[in-house]
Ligand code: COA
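Quick heads-up: it's one chain on its own, the form predicted on its own, in structure tokens.
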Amino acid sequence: MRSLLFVPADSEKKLAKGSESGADALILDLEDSVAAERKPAAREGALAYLKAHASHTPRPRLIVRVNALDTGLIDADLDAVVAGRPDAILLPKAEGGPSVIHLDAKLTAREAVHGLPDGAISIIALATETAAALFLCGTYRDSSARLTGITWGAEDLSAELGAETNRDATGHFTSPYMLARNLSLAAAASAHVQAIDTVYADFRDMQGLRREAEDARRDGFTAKMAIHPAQVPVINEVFTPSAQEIEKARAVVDAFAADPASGVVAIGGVMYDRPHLRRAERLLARIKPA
């Protein structure tokens, strides 16, 4: 996945636009974009959309963002949507491995009820929305085989910290949120799952979106969430490896394959070691069909 587009699950119009956006994944949202009185309608909308589209080929991955574990709403969310067999659940306000284990248990029970294979539904953790969560980013590793991605968020965290803003005058995140970003990146690397960058809220500022996406890609993120369909083409472009990058990665992999006992290979007068090989293998893995 390169792009993950949030779509309120209670809006048929926005769901339809999301389907046409070109996003690699749609996040059917039951949480922040849905008012409390609209939660039941959102659950119905998400289930209807899943049932209508889950069997389509090809299609974007279908992910449901449920409400947080401590809201008292997540059980109703899961009761509604597991029957539609979403590809993954996005867990907001996750607080480390224990929260993933908790969600795993809830999914296991509901998969059994609906006759789904154990582990059919993956988990993506939204790992930095509370202050406590920052101290638990190192606990995701080996928490659950369902865990396939870790992402982060700044809006809920800034509210909890009492910040006036989470970005400076140039549009860059201030230091507390860069810490959250970097911890989520390290958490994903430690857990061997995909690192997914957060949203860029100003959907009219494509230059700012591109800059932030390129910075994320440079540092190790391989995807970014979007809040508007117009952001999807930019995100897809930035996170699609170029032909030159693919060619270079293949050359590194081929050079080590030709000399598997070597710790270092030379290509065009440049030396490449085993970390370069791992980086090349990860890049090539991203371009394989899902």
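Because the structure is a prediction, the values reported are computed rather than measured. A residue's number is simply how far along the shown sequence it sits, counting from 1.
Here the subject shifts to the form predicted in complex with the ligand, a form of this protein not shown in this document.
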Non-hydrogen atom contact residue 236 with the ligand in the predicted complex at 4.5 angstroms: no
Does any heavy atom of residue 203 come within 4.5 Å of a heavy atom of the ligand in the predicted complex? yes
Consider residue 41 of the chain shown here, and say whether it contacts the ligand in the predicted complex, taking contact as heavy atoms within 4.5 Å. no
Please run the contact check for residue 274 against the ligand in the predicted complex: heavy atoms, 4.5 angstroms, yes or no? no
Which of 242-250, 259-267, 54-62, 28-36 lines the interface with the ligand in the predicted complex (heavy atom within 4.5 Å): 28-36
Does anything in 1-30 come within 4.5 Å of the ligand in the predicted complex by heavy atoms, and if so which residues, in order? 5, 6, 7, 8, 13, 14, 17, 18, 29
